[in-house]
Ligand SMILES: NC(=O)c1ccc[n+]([C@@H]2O[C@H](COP(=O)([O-])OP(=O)(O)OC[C@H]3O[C@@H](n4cnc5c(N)ncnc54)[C@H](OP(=O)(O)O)[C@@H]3O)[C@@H](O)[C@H]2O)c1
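In the block that follows, a single chain appears as structure tokens, in the form predicted alone.
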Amino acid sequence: MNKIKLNNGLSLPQLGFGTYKITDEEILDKLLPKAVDLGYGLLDTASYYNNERAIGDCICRHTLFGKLKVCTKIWPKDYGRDQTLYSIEKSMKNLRLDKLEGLFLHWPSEDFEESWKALEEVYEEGLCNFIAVSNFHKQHLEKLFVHANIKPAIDQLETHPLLQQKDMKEYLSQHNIQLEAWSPLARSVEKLTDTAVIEEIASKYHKSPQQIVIRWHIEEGNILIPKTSKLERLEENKEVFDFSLSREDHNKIAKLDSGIRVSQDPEDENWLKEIREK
């Protein structure tokens, strides 16, 4: 498994797995031990996913402590220093962990500056290994930099061949912040194969379209957290380290960049206000 070095010296596995909408404890009970057996080390969740307790119970039941680097996110409804600290305490209790790998602010909604200060406190207390943000664009980060003593280690952004985030990636690189791709397969790989480009490349390498996209992320230097609830897909997603894409194929994928989102836009102020109440 490739490792990516963060701005605080910590190294993370480049390929993890996401747990968005996976709330069935029976599925998690099979998924997490299998992920450990396959060599996955990075798990992404969030308070908003409503599965932290199920994940924690599974970690405890299968004695997976120390075998998974667990990251979670604070939802905007819990922004503000005190509420953020309470949210972190609740997440750690639900996850059955006395230390987290990473803590993220989930969206750049109102009061995120105060919440960032809370994350800095928790980081300095040694309760997590890094602090980060999710869905922050340039203007959000510049606002954060005014108040922050510690820069985010990661910015988690919707990133896939249809939305390659080239400008944001360059900006993050200038500030030594790592891009982490969520929804790295655009939620449904069918969206990526409408043009047949990914399928053609997959046929060339005798790989699945999903594996081609994951390999593209790996070679782009992104950390990525594809979500799956299927054991066979968890295994397939990891079988991407035995080949490399040609420069020609990278160029073909680059031409798919069309700014198409499969989720919410961090520039949508109405959305940012709405999630304060969710």
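The first residue of the shown sequence is 1; numbering continues from there. Fair warning: this is a prediction, and the values are worked out from it, not measured in the lab.
Another form exists, predicted together with this ligand; not displayed. Remarks below refer to it.
In summary, the region of this chain contacting this ligand in the predicted bound form, judged by heavy atoms within 4.5 Å and restricted to 80-88, 117-125, 94-102, 132-140, corresponds to 132-140. The single contact residue among S109, Q165, Q178, S183, judged by any heavy atom lying within 4.5 Å of this ligand in the predicted bound form, is S183.
This ligand in the predicted bound form comes within 4.5 Å of a heavy atom belonging to R187. Among residues of the shown chain, K73 is one whose heavy atoms approach this ligand to within 4.5 Å in the predicted bound form.
At a distance threshold of 4.5 angstroms between non-hydrogen atoms, E236 is in contact with this ligand in the predicted bound form.
In the predicted bound form, none of the heavy atoms of G56 sits within 4.5 Å of a heavy atom of this ligand. If you take 244-273 and check each residue for a heavy atom within 4.5 Å of this ligand in the predicted bound form, you get nothing at all.
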